[in-house]
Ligand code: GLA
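What follows is one chain in structure tokens, specifically the form predicted alone.
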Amino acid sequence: MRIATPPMGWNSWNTFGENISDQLIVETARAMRDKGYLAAGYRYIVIDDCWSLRERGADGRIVPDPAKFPRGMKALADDLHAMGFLFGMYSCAGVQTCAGYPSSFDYEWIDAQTFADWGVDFLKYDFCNFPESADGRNRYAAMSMALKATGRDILFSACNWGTDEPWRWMKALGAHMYRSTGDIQDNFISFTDIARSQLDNLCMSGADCFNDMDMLTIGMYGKGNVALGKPCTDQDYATQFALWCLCGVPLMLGGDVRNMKPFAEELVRNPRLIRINQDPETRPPMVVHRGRVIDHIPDENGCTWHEHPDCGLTLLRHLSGNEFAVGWFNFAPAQAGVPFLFADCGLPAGSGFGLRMTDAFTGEDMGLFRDWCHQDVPGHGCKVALARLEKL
């Protein structure tokens, strides 16, 4: 099964947790179709944990909760397919799922066939309640084999939270994406810590097996299942989406797309940012600058310069067609300058070339730059540009 670019879709967990139903999934699909999410590339609709009864049936198969999914999963899958979506479900490598429902340890083959019979196209495979005596790699290998044995193309989304450095071995086992960290929360510290922790590992992410930095929280605004800590602002969400796009990782929405605010809707449908994420070369970003930033905000002591260690980040990503994406990120709370010296990405002054830049958020021409392009970036904010070489 070929997964050429990072998967895009929606997952129920971040906002709804256990409060899922057939009605919710159908309403979500209709909203994604009618509001342009499907056209923008968000094809997978994934039901996370808490979809089944607490015990398996007499035949050993997992049973969908009839109160939540009275038509069963096959009818729901058929509806989603008819609307143009791909259908995703959840299980776990442990004895129980994270919420205590039946899981796939020692049931890999029967569960894989059950999912295939229902028309599943995507399996998120978690790691809770895993026996200490068992081997995690072997169990992920077993589910990978079981999925292939069904004869159905099912994207295998391995979610072992970064245990045992999965970026080193998940591709070899047949996974198409792998969780690289613990769970995301809907706050600035959570998503920036996740992104920064993976910068050195993205060189092992690419076509057919992508580093998964977890589902996006854009549009939640402090409401939902992972709404912990100080809620994100619009600026925070713009930074989150830009980081995920520059890093070239899966874009799995986690907000309630039926009721997203206009800012969040426009952000996650931005065609230029999505084009960066979905670039067919699937190259990781180059870290051009990672270090301090200095703001110039006066305080009560008369000081106008404040240093913020490790709060500046500049990324450059090589794209297809001799194009580049550049991102300036300021993780400090106040506006600060974020540097970009062209020599640090292989474009010294003696090259005779500069970079013609276009603002990826707005589409506006930023001009032609040579040697350097530092940006003043708001606190918790970012700027992103699409760039091309231009002879000076």
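Here the structure is a predicted model, which means the values were calculated and not measured. Residue indices: 1-based, along the sequence shown.
Just so you know, the form predicted together with alpha-D-galactopyranose exists too; it's not on screen, but the next bit is about it.
Any idea which of 342-350, 54-62, 355-363, 41-49 reaches within 4.5 Å of alpha-D-galactopyranose in the predicted bound form, heavy atoms considered? Result for this chain: 41-49.
Would all three of 13, 90 and 124 be in contact with alpha-D-galactopyranose in the predicted bound form, where contact means some heavy atom lies within 4.5 Å? The answer is yes: all three residues contact the partner (heavy atom, 4.5 Å cut-off).
Interface residue in the predicted bound form among 195, 218, 257, 159, criterion: non-hydrogen atom within 4.5 angstroms of alpha-D-galactopyranose: None of the other options qualify; the answer is 159.
Listed residue (209, 86, 99, 76) with a non-hydrogen atom within 4.5 angstroms of alpha-D-galactopyranose in the predicted bound form: That would be 99.
Is there a heavy atom of residue 265 lying 4.5 Å or less from a heavy atom of alpha-D-galactopyranose in the predicted bound form? No, residue 265 stays farther than 4.5 Å from alpha-D-galactopyranose in the predicted bound form.
Does residue 179 make contact with alpha-D-galactopyranose in the predicted bound form, using a 4.5 Å heavy atom cut-off? Although alpha-D-galactopyranose is absent here, residue 179 would touch it in the predicted bound form, with heavy atoms inside 4.5 Å.
May I ask you to state whether residue 236 is within 4.5 Å of alpha-D-galactopyranose in the predicted bound form, using heavy atom distances? Judged by the heavy-atom cut-off of 4.5 Å, residue 236 is well away from alpha-D-galactopyranose in the predicted bound form.
Using the partner position in the predicted bound form, report whether residue 108 sits within 4.5 Å of alpha-D-galactopyranose, counting heavy atoms only. Because no heavy atom of residue 108 falls inside 4.5 Å of alpha-D-galactopyranose in the predicted bound form, the answer is no.
Interface residues of 182-202 toward alpha-D-galactopyranose, as seen in the predicted bound form [heavy atoms, 4.5 Å]: Residue within 4.5 Å: 183, and no other.
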